[in-house]
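Just the one chain here, laid out as structure tokens, in the form predicted alone.
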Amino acid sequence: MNEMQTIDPDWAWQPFEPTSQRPWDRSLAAHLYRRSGFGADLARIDQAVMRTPAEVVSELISNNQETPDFRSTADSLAEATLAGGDPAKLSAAWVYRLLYTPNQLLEKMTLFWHGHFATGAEKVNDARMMWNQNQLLREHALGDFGRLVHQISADPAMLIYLDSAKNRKAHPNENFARELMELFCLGEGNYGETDVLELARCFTGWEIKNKKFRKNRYQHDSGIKSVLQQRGDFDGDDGVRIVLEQPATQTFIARKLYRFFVSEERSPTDALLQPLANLFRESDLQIAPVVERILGSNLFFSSNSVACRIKSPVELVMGMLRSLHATTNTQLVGRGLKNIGQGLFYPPNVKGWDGGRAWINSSTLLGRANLIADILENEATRFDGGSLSECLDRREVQTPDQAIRYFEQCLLSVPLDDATRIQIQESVESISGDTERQMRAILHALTSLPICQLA
């Protein structure tokens, strides 16, 4: 029996209330920050413990737009990259946002939608189009899913990526219509092949002129279409509306949000997802209420969620950097993420990243350790503006044992066993005369452990 079948849906999505058996402590607060963003240092975690879980989640949700000052700075840096016109360098501009944003949940959701509406720069090959799409995802990351789908359907990068810009009434191209239903809104089994062809006809004439979207009425099929049991002279906007009206939409998105925030390993039943799906539809497909319900729930803070996801490369690297107030060379990180399987702006295909156990094999595990080593050895890497040992010393962390325990609380979702702790200590004894090298060796050893790959 699927163990998730035994979970009461009403209990699962009720607000989490700490108990003596399940206290609101550093461990659960760190879990919240890792899942809703990329991590937090112990000072912020301790501040969260002084408040209720609901208050912390509410604050995370309310920070759903970038501040003008931060956006201005981040956009200026992106513009410098865009001036070169090389999409391969765009990832560094996004790494900057991931590293410095004061709105981690907003950026985490932007990453989620990038994997959901996956669009690759290898095919689009236009840095400006890719960056504009990224900004579109960020603008609606916690907003109106319906508006997001309407706008992504007319997004130039998406039009190129799924060949929608070549969709003509004489030869309808089915690529976008199929993915709109299968990957973006409904899922397999909730539409037929006739629906794909008829929906493709709705989008005929949608094209790009001077790198901007436009509707070419001469290439639009104005005949009657039959889409998902509705008939009419539909255009693309009508097609999107019809797809969004399907009951499968709310369940499909609820399932993807569950996988992203709760667990990719423990599949939920339809009954378990139903309260989230109902909330999504009752909220007129607003994203924030569903995310807030998930992050504040009994299930999210239970053993069915904690340590039940594998960190993506972005989550691993950003978690290490943000939890330790670290900064580094963003180009190095951007290139490194692509090498270990999560190139920003370079998803593997229209399905995005598979996630879960697909992140980990012997090659990627070694690649993760090597990337962390490259970051730690890079001269641009700073911790609180200085060395790692100085950063730790300000937090009264001075011995190897203290460092292991500090990193453990910041980075690990489950505690180390004694044997591993001793093994790490013994491995750095030979460099005891150099505190900085010793602390970096401990950090590298800990982040390379299989247990550190769990979120």
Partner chain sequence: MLVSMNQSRRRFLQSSIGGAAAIGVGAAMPACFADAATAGNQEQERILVVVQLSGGNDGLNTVVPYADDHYRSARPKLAIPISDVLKLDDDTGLHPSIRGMHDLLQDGQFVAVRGVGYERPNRSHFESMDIWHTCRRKNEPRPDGWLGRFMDQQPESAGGDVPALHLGHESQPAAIASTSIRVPTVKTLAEFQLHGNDKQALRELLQTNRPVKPTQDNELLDFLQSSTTSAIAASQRVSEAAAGYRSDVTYPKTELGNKLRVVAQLIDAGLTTRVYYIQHDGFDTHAQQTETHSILLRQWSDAVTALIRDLDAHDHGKRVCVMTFSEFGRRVSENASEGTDHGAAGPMFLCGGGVKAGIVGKRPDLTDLQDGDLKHEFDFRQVYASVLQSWLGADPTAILGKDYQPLPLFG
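Keep in mind that this is a model prediction, so the values were computed, not measured. Numbering follows the first chain given and starts at 1.
The next section is about a form of this same protein that is not shown, the form predicted in complex with its partner chain.
Scanning D235, E182, D195, D126 against its partner chain in the model of the complex with a 4.5 Å heavy atom cut-off leaves one residue, E182. Proximity to its partner chain in the model of the complex holds for all of D163, R357 and I360, with the criterion being a heavy atom within 4.5 Å. From the list 285-293, 317-325, 127-135, 186-194, the contact stretch for its partner chain in the model of the complex under a 4.5 Å heavy atom rule is 186-194. Put simply, D221 is far from its partner chain in the model of the complex: not one heavy atom of it is within 4.5 Å.
Although the partner is absent here, R97 is not a contact residue: none of its heavy atoms lies within 4.5 angstroms of its partner chain in the model of the complex. At the 4.5 Å threshold, heavy atoms of M50 stay clear of its partner chain in the model of the complex, well away from it. Put simply, K209 is far from its partner chain in the model of the complex: not one heavy atom of it is within 4.5 Å. Annotation for 242-264: no interface residues with its partner chain in the model of the complex [heavy atom within 4.5 Å].
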